[in-house]
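This document starts with one chain, in the form predicted alone, laid out as structure tokens.
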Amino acid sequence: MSIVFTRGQGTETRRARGGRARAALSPATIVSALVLLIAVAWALAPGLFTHFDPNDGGDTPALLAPSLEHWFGTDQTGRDAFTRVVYGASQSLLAALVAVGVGLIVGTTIGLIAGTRRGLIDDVLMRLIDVLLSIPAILLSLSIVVVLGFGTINAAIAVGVTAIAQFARLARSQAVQISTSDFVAAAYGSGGTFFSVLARHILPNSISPVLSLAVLQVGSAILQISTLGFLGYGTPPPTPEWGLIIAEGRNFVATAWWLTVLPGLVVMAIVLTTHQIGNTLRKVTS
């Protein structure tokens, strides 16, 4: 019986690994990775993808339709719309990374401490998280931006604060599960302190689903930051930022639809790709 069980267990393990490999190498994941790599390349080296000035249209006619020379057309001042989208990647992606970093670091720290210590500390911290969850994300981020002031980083911090609750809840659930394990009890029994056990045992065994959530949150952060930019609370003009670019074209929807539709499609594509990659990571690490 023991031999049969071992073989069956090995078969199940191989099947699980095969399923994770198929998820990682699926066409949707590969395409998503390529799209995300292009967006990152835009942010790091925009000059490789366009030779136009993002803030000066020069003598170029305004509101030109998309063409081979101007892929996304030109805006109301003659600026190349594709160039502004490319240069806007650095602002939008940087803000998204800052936002996810704030939520990841603060939220995970709160969740791990609450889930490991339990008792009164757990109750107090989780009630604070419940308060954050009770406030709509866009309302909370707008309130924080008004207090901090307009700008890319301030908008990113505001969006990051709205993500703290999700990271905290996930990290706490992982910490509660792992803190009751035998190896954690053994670590305490061998003289380990709270913070040493937290850093050496609980955090490494809790981090995989948290990192998967972080990738998913990148897409959500891009969407929220673009929303703030669209409402005028993000990056000030004329600096290109995806939400601001869409906002500048909304007055010309009837005559120059490409100024809103094409940048909007770019934002949608980036959001969908990050969600696809996040879901793939979740499957691979589960």
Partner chain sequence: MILDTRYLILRLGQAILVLLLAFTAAFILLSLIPGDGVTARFADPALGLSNDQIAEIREATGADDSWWSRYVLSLTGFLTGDFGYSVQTGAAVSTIIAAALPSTAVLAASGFVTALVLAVIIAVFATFGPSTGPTARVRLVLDSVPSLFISIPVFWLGILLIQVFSFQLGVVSVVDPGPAEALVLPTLTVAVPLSAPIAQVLIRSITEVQASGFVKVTTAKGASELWILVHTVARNAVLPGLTIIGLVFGELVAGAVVTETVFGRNGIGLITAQAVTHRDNPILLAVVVIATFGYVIINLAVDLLYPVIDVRLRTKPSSASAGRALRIHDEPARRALTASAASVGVDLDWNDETKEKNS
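Residue numbers count along the first chain shown, from 1. What you see is a predicted model; the values in this text were computed from it and never measured.
Not on display, but discussed next: the form predicted together with the partner chain.
Engineer: At 4.5 Å between heavy atoms, only one of the stretches 75-83, 132-140, 106-114, 92-100 reaches the partner chain in the model of the complex; which one is it?
Structural biologist: Within 4.5 Å of the partner lies stretch 132-140.
Engineer: Looking at the partner chain in the model of the complex, is some heavy atom of each of Ile144, Gln174 and Gly243 within 4.5 Å of it?
Structural biologist: Yes, the whole trio is in contact, each within 4.5 Å by some heavy atom.
Engineer: Identify which of Leu231, Ala28, Ala41, Val35 has a heavy atom within 4.5 Å of the partner chain in the model of the complex; exactly one of them does.
Structural biologist: Going through each option in turn, the one that passes is Leu231.
Engineer: Is there any non-hydrogen atom of Ile164 lying within 4.5 Å of the partner chain in the model of the complex?
Structural biologist: No, Ile164 sits far enough from the partner chain in the model of the complex that none of its heavy atoms falls within 4.5 Å.
Engineer: Can His51 be called a contact residue for the partner chain in the model of the complex at 4.5 Å between heavy atoms?
Structural biologist: Contact check for His51: no, nothing within 4.5 Å of the partner chain in the model of the complex.
Engineer: Considering non-hydrogen atoms and a 4.5 Å limit, does the partner chain approach Ile277 in the model of the complex?
Structural biologist: No.
Engineer: Does the partner chain come within 4.5 Å of any heavy atom of Gly119 in the model of the complex?
Structural biologist: No, Gly119 is distant from the partner.
Engineer: Are there residues in 36-67 with a heavy atom within 4.5 Å of the partner chain in the model of the complex, and which are they, in order?
Structural biologist: Counting only heavy atoms within 4.5 Å of the partner chain in the model of the complex, no residue of 36-67 makes contact.
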